[in-house]
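Have a look below at one chain only, the form predicted on its own, in structure tokens format.
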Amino acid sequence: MEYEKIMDMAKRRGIFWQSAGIYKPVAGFYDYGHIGTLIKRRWENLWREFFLGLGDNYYEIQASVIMPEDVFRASGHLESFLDPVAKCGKCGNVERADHILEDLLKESFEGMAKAELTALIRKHNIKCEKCKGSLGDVEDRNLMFPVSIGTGKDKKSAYLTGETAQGAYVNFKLMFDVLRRRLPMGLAIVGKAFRHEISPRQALIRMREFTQAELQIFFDSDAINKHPRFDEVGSYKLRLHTTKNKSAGVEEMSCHDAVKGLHLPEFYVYHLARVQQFYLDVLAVPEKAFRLRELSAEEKAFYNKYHWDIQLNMESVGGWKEVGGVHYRADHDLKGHGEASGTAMAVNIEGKSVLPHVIEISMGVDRNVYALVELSYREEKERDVLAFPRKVAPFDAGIFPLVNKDGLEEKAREIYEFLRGEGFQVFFDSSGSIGRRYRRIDEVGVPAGITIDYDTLKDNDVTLRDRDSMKQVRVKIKDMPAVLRRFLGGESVSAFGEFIN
């Protein structure tokens, strides 16, 4: 699908658009409309339900997005949170060097040394995209957003957090005590992060202000080669893109084989499997659009022993794009904060002193929303459809009186309130022809339409319409909560009765 078509559709249908559009917009900042906000919230809630359910000691916390300078010095962000940039000697425009090469050569250059990037820019005679001037040597640029706290002699330096993870690390010791001193312990944060991107682009894919959903799993490193529930995923096939077989594309490998053949620990592979299941089973992402990509030594952070990106294939932004990752960060974070703060981060587990290691499951919420929009979009002969997975659609159903007279509108309102009271996200629409109303919900991805007609007043039946097949069945009003739950859970509309014309 074309990028421009997605951007136009997202704006027209109330999903997302560039922030402060009535002024001259600043790149890298986007607002969500009502439909986009509902989709994003549903994605976040599904994430919470799934990943917090992976352990009985996993909880969500909220942390400040502004933290003292010392936090980011200890974490390494002030020293190494860098992007390679090339500056035009004529107009001063600055661009990400690896992105310039990626656009031209259609491959990834992430993690490549500055001298190598400079050499490639010279080799291919790449010029400034704005004025065609010559680009200088590639340099590093820090991505952190500095802020000041206080005034006068009390003024202190601080930063907007570049990732939500630091909130979990600085709160680890307190939360460990609050949660009765058990490992493994998971601390999740769904919140804002900020990066001073040099050349933000591709809408929600690369932003300066964005939302992350991250789970930091603290555990005893001596337990990394075992997971108590590994047998549940042992034969499960992972879709992998390894560094050894880059040209082979995606290869399927069981979790057992990944442990043996790729020399990955059980504890890590277990979480790779759960991440894939979240995408394929919960979000219903097409299997061929998903893969786990292994990062090379040059690409991954020095402290990550294992690092696999979560990638989705999005045609509008050039193919496979990272939407998250699974990182084994070892003891880098707790060790760094312990040394810098003077707080002992080691904990006592049954008489044993343990400095926990961390596996991080990190996802960019906005990138995932963009991916869902693209992967769900279909152009058909009679209509355009956003075929969102039923669990992430903005609404469960639309409630439609066939006409606005003879008591039909009042009956429809009654059913609307009934389903809301049962916990469904529904909306009421009595404007225009019934066919037009069906098209409107198709265009924003609502999976079900419920129509109240004259027969409803006689027999208390309504018409349930499936967005994807456009098939319709009659259902008793009293049965609608159970039927709608089953339908949203994935059952075909044919399970609820004979099709009607």
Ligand code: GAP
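Residue numbers run from 1 along the displayed sequence. None of these values were measured; they are calculated from a predicted model.
Another form exists, predicted in complex with glycyl-adenosine-5'-phosphate (GAP); not displayed. Remarks below refer to it.
J.: Heavy atoms within 4.5 Å of glycyl-adenosine-5'-phosphate (GAP) in the model of the complex: does residue 189 have any?
T.: No, residue 189 sits far enough from glycyl-adenosine-5'-phosphate (GAP) in the model of the complex that none of its heavy atoms falls within 4.5 Å.
J.: At the 4.5 Å heavy atom threshold, is residue 360 in contact with glycyl-adenosine-5'-phosphate (GAP) in the model of the complex?
T.: Yes - in the model of the complex, heavy atoms of residue 360 and glycyl-adenosine-5'-phosphate (GAP) come within 4.5 Å of each other.
J.: Report yes if any heavy atom of residue 377 sits within 4.5 Å of a heavy atom of glycyl-adenosine-5'-phosphate (GAP) in the model of the complex; otherwise report no.
T.: Residue 377: no contact with glycyl-adenosine-5'-phosphate (GAP) in the model of the complex.
J.: Test of understanding: in the model of the complex, would residue 323 fall inside 4.5 Å of glycyl-adenosine-5'-phosphate (GAP) by heavy atoms?
T.: So residue 323 counts as contacting glycyl-adenosine-5'-phosphate (GAP).
J.: Which single stretch, out of 149 to 157, 236 to 244, 205 to 213, 173 to 181, brings residue heavy atoms within 4.5 Å of glycyl-adenosine-5'-phosphate (GAP) in the model of the complex?
T.: The contacting stretch is 205 to 213.
J.: Going by heavy atom distances of 4.5 angstroms or less, which of 163, 95, 331, 266 would be at the interface with glycyl-adenosine-5'-phosphate (GAP) in the model of the complex?
T.: Checking each option against glycyl-adenosine-5'-phosphate (GAP) in the model of the complex, the one that comes within 4.5 Å is 163.
J.: Using heavy atoms only and a 4.5 Å cut-off, determine which of 429, 396, 197, 294 is in contact with glycyl-adenosine-5'-phosphate (GAP) in the model of the complex.
T.: Result of the distance check: 197.
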